[in-house]
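Okay, so here's just one chain, in structure tokens, the form predicted on its own.
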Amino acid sequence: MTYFDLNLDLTDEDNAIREAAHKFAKEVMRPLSIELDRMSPEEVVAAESPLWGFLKQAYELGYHKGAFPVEVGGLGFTPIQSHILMEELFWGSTGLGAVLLLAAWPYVKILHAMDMELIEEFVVPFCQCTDASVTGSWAITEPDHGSDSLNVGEPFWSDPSIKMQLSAREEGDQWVLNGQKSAWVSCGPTATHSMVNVQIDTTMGPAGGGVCILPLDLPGISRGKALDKHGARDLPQGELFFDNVQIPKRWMFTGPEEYGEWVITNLGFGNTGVSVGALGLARAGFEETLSYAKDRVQGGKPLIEHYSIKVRIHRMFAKVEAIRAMSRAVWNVNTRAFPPLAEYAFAAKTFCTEAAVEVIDEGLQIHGANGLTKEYFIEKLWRDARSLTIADGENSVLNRQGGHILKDTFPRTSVNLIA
């Protein structure tokens, strides 16, 4: 379904990107997402899984590197173009859209670190890849640490009695990693590389962290089984284990001195991305429900002819448009500003995901009992939506952080734009 875009300044190139991405999302991603949703987690990540065919097609189209600058081999999309692309991909599938976003995430952060040696070693090969043989993930979550790993500024953030479950110790010209990450590592079972959060200085508590990038085929790294989940089953997740894993010092691109700032900056970009996922999901739910309401006859006429359904459908529409407006505005700023405006990212993530849950829940309700069956796509969307308010930080935690930032920064009067 096409729609009128309130941005009247879109170019022919912008619209061509949307058209091509929508075709891929409709013909490849959505059917595959339904297929993967009904497979076991082991089948989804198996060598013969259709997941790999999707990734290869997406890489051939360059969808893994749309926002990367041409200087490193990316497509050099403008902020509005990359937002349009991601909306369409997430419209096709929440899980598969996240797979593509996460495939690029470690390399995005290396770019932000401005380490030319690491850019040549990791970012350029990723952008040059056309067969999905180089993919990424982000490993921060641990069995005993979830959203608390993001609580910069809380008293426990610097409590030395709180230990992370993956540590790194310095030995000569290397770091040695020991411990594990939890089953919630997105793309943990499938990625070739990962951006990994570790604890370096235990006297600082969680604040004494560091961030490194590494290949996941190093000696000492092993993976747990893929996680069996309620929703987003087309996004593989699983544990990572580290047993005396040795990495060069240069791969640790963030240390304790700047770790708290890194966490907030990373969330500033990541949460902005989740808001786009919420947009694609909400739009898919609205369109499914409107189509259903036109076809489903109750009381002798289509549902859409009933007064109350018209009201509910229009409220869904309004929320989708509000999600797009906020997501796009924050994306436009936070892909151009450094550091990103974290309070806006947190606001976009929490508002957009909660509004998306409301849209999908209403859509399922309008479907009635049919909405509870796998025959109707809204059932999958309903399960997928529930994960978004927890992904990349539980919403109440992010709202607390946003309020903490606002007390010192509101109102902002300027922003540092990336040249």
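Note that residue numbering begins at 1 and tracks the sequence as displayed. Small disclaimer: the values here were computed from a predicted structure and weren't measured.
The same protein has a further form, the form predicted in complex with a small molecule, not shown here; the description that follows concerns it.
Contact with the small molecule in the predicted complex, judged by any heavy atom within 4.5 Å, is made by just one of E394, E35, E43, D361: E394. Checked against the small molecule in the predicted complex, the residues P215, G205, G146, P256 give one hit for a heavy atom within 4.5 Å, which is G146. Across the proposed site, W138, N151 and W184 without exception bring a heavy atom within 4.5 Å of the small molecule in the predicted complex. In the predicted complex, the small molecule stays beyond 4.5 Å of every heavy atom belonging to T350. At a distance threshold of 4.5 angstroms between non-hydrogen atoms, I390 is in contact with the small molecule in the predicted complex. Contact annotation for T94: none of its heavy atoms lies within 4.5 Å of the small molecule in the predicted complex. In the predicted complex, the small molecule stays beyond 4.5 Å of every heavy atom belonging to N271.
Comparing 317-325, 206-214, 67-75, 138-146 against the small molecule in the predicted complex, the single stretch with non-hydrogen atoms within 4.5 angstroms of it is 138-146.
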